[in-house]
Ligand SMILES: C[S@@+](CC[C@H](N)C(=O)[O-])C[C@H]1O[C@@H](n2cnc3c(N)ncnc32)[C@H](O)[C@@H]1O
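Before any questions on binding or motion, here is one chain by itself as structure tokens, the form predicted alone.
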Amino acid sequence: MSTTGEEHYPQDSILFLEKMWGDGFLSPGGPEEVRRLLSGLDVAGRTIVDIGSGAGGIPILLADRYGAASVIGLDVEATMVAHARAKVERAGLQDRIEIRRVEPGPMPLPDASVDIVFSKDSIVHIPDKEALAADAFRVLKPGGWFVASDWLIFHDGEPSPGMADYIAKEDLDFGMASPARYRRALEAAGFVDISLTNRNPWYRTVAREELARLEGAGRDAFLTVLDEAALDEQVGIWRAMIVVFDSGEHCPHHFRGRKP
């Protein structure tokens, strides 16, 4: 969810990412990663806000498979919001899912109004992790959980040349932070039962499989949504990404914390 509201995901980019990761999903792992993120949590009958709700796959999954009573999806991009709303309508879940286009900044929700604050690989676009954690704490009811995955950098300070090259190639307004900074932000906001899980070993393998699809037998499928030049640009991004996955500097994490 961009802090500027600038459109980083035009329709062809959305369709490309859905080709890679599944209908309605814009980041790795799809429904299986959502299942891992929610492991051990009671979602049925809950009110959930999904920060950076993207192409709509996650709000639909939360309502349809996990039985959430109400899902509020927040995103800043008009194209993305329209895409997600169309999916929700086709799924017939408009009575339980609301996709809102919002301005960057605090969530437009009352204090203590939701049971779960959820996000999958979107808050990399929000550089102020401390303000984000505090806002999540604010909107949660006592006992509620902040549950998310995100793209992280292993250390504080400036990225290595390889990581800087990867971030420049992505050109997605990334505001990456370290696991240590996330933990400090969650603690400062007041969360307890904090946990962080490094997903680098998993995605380091998956990324190679994805690159093989982009360069090999799967290439023709991607060419139905991108032209040759745009697809070659994606290949370059994946190659740069694998370098920093192999070094460990790029370390996607799951994390969660509970509001007492």
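Residue indices: 1-based, along the sequence shown. In this text, all values refer to a predicted model and were calculated from it rather than measured experimentally.
What comes next is about the form predicted in complex with this ligand, which is not displayed.
- Interface residue among 116, 74, 152, 189 relative to this ligand in the predicted complex, by the heavy atom within 4.5 Å criterion: 74.
- Among residues of the shown chain, residue 136 is not one whose heavy atoms approach this ligand to within 4.5 Å in the predicted complex.
- When this ligand is considered in the predicted complex, residue 27 lines it closely, a heavy atom lying within 4.5 Å.
- In the predicted complex, residue 62 stays away from this ligand, with no heavy atom inside 4.5 Å.
- For residue 104, a non-hydrogen atom is located within 4.5 Å of this ligand in the predicted complex, even though that partner is not displayed.
- With this ligand omitted here, the record of contacts in the predicted complex names 76-84 of 76-84, 180-188, 91-99, 152-160, defined by a heavy atom within 4.5 Å.
- Contact check at 4.5 Å (heavy atoms) against this ligand in the predicted complex: all three of 9, 120 and 126 pass.
- Counting a residue when any of its non-hydrogen atoms is within 4.5 Å of this ligand in the predicted complex, the hits in 52-72 run 52, 53, 54, 58.
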